[in-house]
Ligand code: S3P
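Given as structure tokens, the chain that follows is alone and in the form predicted alone.
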């Protein structure tokens, strides 16, 4: 499928984006730890999050989708699935389920689409093996399909070399089934939805964030099942950020409704603000997560160097690169090597495609340099990566753009096109 963006316009619009993907995945997975019926409002109905829900059903959960509310009742004991557990395109699904299933008696096979099957899993498989889990797969457990023989786990003290919410979440879930308290440390606080949600359900976790923003978590084994989730999933700041960038580069105003304002999720907005955009954060509630509105007003943008708090904005860097492409001066992104092992090599994809647009850009091992300029219409390859596809669609507001392999947008952000038509003239061209 190709997406042909013809033109854009200045706008003042409200955007109600899809529910947060990371939190929706966790609602499906963590519901399996609860005693009683979980009630989830505003669950994201995208292919990947629905796959997480289907896996929960395969493990014995009873799921009732009432439209506004999804009810999930976990079985007394998770069962062996009678088929392969399909994770679609979601690294979150496969990695977090690895942690959960490592401590559950039984044999489980996890796999995904062609893109997920290329992504590295050893970062989760290796620490799980160190605590007694049996994980196997292609390249010695680095590539899916992955086989997990779950069972008793021992407690651990593990210091991760990378700040990864997926690795942290997997190890926390495994630790809940360990024999004694476990300790996990990461060099920088990654997204903390797992800690917030599990503590809200009654899990005993001690979380310490140090002055250098390294994070230490002590996890205590579950003595009994957790309290059910009663939760309305906030909307996704990562999805909303495409419209924040759209406003910033076109001199427009985007009002982004009911967004999680978790500090680990809005660093990209803080960066866009430093580049010159006018941004206001309006807090409305703070239960499991702080939630509110974000108002973004476009302004003249200037180049910036981004080399800190990378785990807090790693997913938004492709969209942020579109703002850098039109900002005055040079922008630099460093310490973001993780971009190379996302749904695509996002460093390579951003730089190659910006060059096609006539923007001066250069790859670094762990990021890129961009000299702001005037983009031109061209044909770009998304490499099957939804964030690359949507980022260049936003840049197309200024010059027009054709994006190849754009079908991945449907997987991640089902209502993107409905919202995008508020601000752009475009055509979706399906392959014959």
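Numbering follows the first chain given and starts at 1. Because the structure is a prediction, the values reported are computed rather than measured.
There is another form of this protein, the form predicted together with this ligand, and it is not shown here; the text below is about that form.
*Asks:* Thinking of 45, 65 and 232 as the candidate spot, does this ligand come within 4.5 Å of a heavy atom on all of them in the model of the complex?
*Replies:* Answer is no for this spot.
*Asks:* Just checking whether residue 177 would be counted as a contact of this ligand in the model of the complex - the rule being heavy atoms within 4.5 angstroms.
*Replies:* Residue 177 lies outside the contact set for this ligand.
*Asks:* May I ask you to check whether residue 314 falls inside a 4.5 Å heavy atom distance of this ligand in the model of the complex?
*Replies:* Contact check for residue 314: yes, within 4.5 Å of this ligand in the model of the complex.
*Asks:* Evaluate residue 165 for contact with this ligand in the model of the complex, applying a 4.5 angstroms cut-off between non-hydrogen atoms, and reply yes or no.
*Replies:* Flag for residue 165 set to yes.
*Asks:* Can you tell me if residue 405 lies within 4.5 angstroms of this ligand in the model of the complex, counting non-hydrogen atoms only?
*Replies:* Contact check for residue 405: no, nothing within 4.5 Å of this ligand in the model of the complex.
*Asks:* Would you point out which of 320-328, 200-208, 247-255, 165-173 contains residues with a non-hydrogen atom within 4.5 Å of this ligand in the model of the complex?
*Replies:* Only one stretch passes the 4.5 Å heavy-atom test: 165-173.
*Asks:* By the heavy atom within 4.5 Å rule, which residue out of 80, 338, 273, 126 makes contact with this ligand in the model of the complex?
*Replies:* Checked against the cut-off, the match is 338.
*Asks:* Note which of 92, 89, 262, 344 lies within 4.5 Å of this ligand in the model of the complex, where distance is taken over heavy atoms; exactly one does.
*Replies:* Contact check passes for 92.
*Asks:* Suppose contact means any heavy atom within 4.5 Å; which members of 191-208 contact this ligand in the model of the complex?
*Replies:* The one in contact is 191.
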